[in-house]
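One chain comes next, on its own, written as structure tokens: the form predicted on its own.
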Amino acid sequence: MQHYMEPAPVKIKYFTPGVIFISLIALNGIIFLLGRFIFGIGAVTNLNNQYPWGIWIGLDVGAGVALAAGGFTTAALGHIFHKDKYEVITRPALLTAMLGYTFVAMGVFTDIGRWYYIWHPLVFWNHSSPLFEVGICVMFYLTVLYIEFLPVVTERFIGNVKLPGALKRLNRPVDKLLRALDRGLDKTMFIFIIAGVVLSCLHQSSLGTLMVIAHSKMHPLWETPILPLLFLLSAFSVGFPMVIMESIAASRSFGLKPEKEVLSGLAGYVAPLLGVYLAFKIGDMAIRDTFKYLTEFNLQSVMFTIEVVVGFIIPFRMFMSKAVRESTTGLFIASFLVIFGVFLNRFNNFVIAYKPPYILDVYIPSFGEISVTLGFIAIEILLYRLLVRIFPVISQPNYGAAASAKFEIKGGSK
């Protein structure tokens, strides 16, 4: 049946009780977001001179960038290494990455005190700053993701441009423009795919460089000179689990059958990637002799243990199991644990491990910060559901093509 899977808009009812609930979360986030821009960042957050960043950077940006890694890992697997069987999940992964990076950019925009200066990195270049490299790479990669999504847009509207009223005269010119754009992208898309993979590797690692600069302000369990490598390897590790979980969740939400054969094959790459990450992580701890800090019972040691054991070691063992890889429920749970582990790793690095030189109080995210973060996630889910209804993103059985193929086979046998 897989041979007759073709991308097509999903025909589903948009508003359901679950969607309405998510919409309320999004609305609550938007209210606090407006408050941030109208009354200032201090009116909504608990950030101050000692804690200049919180969950908006640790989760919305740090974790958001990592969890959007499914876009470049799947693109590399499908287009660079030519694993054609994974083409069926490339578009959903691309859409997830595009939305993820869009809200990463929104997270940065929201967290900057003087948000109206966000354009400065484009003009005032600081070549020695890792933050500059992260900002430029994210901007470029987000642009690349939108370009990669353009063929999906052209496929949807070529031959189907139906502008109303006085705009009808533009139907033909717009259709020609879309066809020309499609031909141009078809010849040059490999450039953007390669650029996307390279840019992703650059800024994934540079996020770790930001915390290397913090040095003594970081807890020893996380402070290491190989932090850029660990950030990159953890992004590699979470890319495929994110695609697997998104695919299973979307299939259940839309009433479709999960592509278990494809997802099981994809899961086969996860254990080796997790193994490489754990080897560097544990090896680095052995070399720096930081295991001793685990004997101290405090917030840092507890969070580190949960991160490594629950988020990496347990799913590593699960993905090693053939029974788990062939079970939809097992794949979902194992993938969720990896996502949780990387999510917690970024939160730990940016929030838990960071210790200002002079501490007068403890940073606890405000209700407004949590609301904006949950609001971003909710809006991303709502946009994903909307876009898969409009554009051919998710592959579905094409029974007409299957019937036609069977007819040709029978005709040929005669």
Partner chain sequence: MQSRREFLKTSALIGAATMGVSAVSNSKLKAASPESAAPAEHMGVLVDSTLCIGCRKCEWACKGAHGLPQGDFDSYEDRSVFKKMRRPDDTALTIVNEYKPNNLGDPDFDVKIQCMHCEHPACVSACIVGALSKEENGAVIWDTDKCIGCRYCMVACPFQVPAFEYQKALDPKIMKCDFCFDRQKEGKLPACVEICPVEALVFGKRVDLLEEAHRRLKNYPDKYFNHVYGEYEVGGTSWLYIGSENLSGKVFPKLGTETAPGVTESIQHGLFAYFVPPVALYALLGGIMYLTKKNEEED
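Numbering follows the first chain given and starts at 1. What you are looking at is a predicted structure, and each value in this text was computed from that prediction instead of being measured.
Separately, the form predicted together with the partner chain exists; it is not shown, and the next lines address it.
Undergrad: Taking a heavy atom within 4.5 Å as contact, would all three of Arg114, Lys217 and Pro225 count as contacting the partner chain in the predicted complex?
TA: Looking in the predicted complex, the three residues Arg114, Lys217 and Pro225 all sit within 4.5 Å of the partner chain (heavy atoms).
Undergrad: Here the chain is shown alone; which of Ile30, Leu387, Ala43, Ile370 has a heavy atom within 4.5 Å of the partner chain in the predicted complex?
TA: Answer to the contact question: Ala43.
Undergrad: Work out which of Ile147, Ile194, Ile314, Val153 lies within 4.5 Å of the partner chain in the predicted complex, going by heavy atoms.
TA: By the 4.5 Å heavy-atom cutoff, the listed residue in contact is Ile194.
Undergrad: Please check if Tyr293 has a heavy atom lying within 4.5 Å of any heavy atom of the partner chain in the predicted complex.
TA: No, no contact at 4.5 Å.
Undergrad: Contact with the partner chain in the predicted complex for Met211, defined as at least one heavy atom pair within 4.5 Å: yes or no?
TA: Yes, Met211 sits close enough to the partner chain in the predicted complex that at least one of its heavy atoms falls within 4.5 Å.
Undergrad: Report yes if any heavy atom of Ser247 sits within 4.5 Å of a heavy atom of the partner chain in the predicted complex; otherwise report no.
TA: Answer no; every heavy atom of Ser247 is more than 4.5 Å from the partner chain in the predicted complex.
Undergrad: Classify Asn126 as contacting or not contacting the partner chain in the predicted complex by the rule of any non-hydrogen atom within 4.5 angstroms, answering yes or no.
TA: Yes - in the predicted complex, heavy atoms of Asn126 and the partner chain come within 4.5 Å of each other.
Undergrad: Please determine, with the chain shown alone, which of 316-324, 105-113, 247-255, 278-286 has non-hydrogen atoms within 4.5 Å of the partner chain in the predicted complex.
TA: That would be 105-113.
Undergrad: Taking the partner chain in the predicted complex, which residues of 127-148 have any heavy atom within 4.5 Å of it?
TA: His127, Ser128, Ser129, Pro130, Leu131, Phe132, Glu133 sit within 4.5 Å of the partner.
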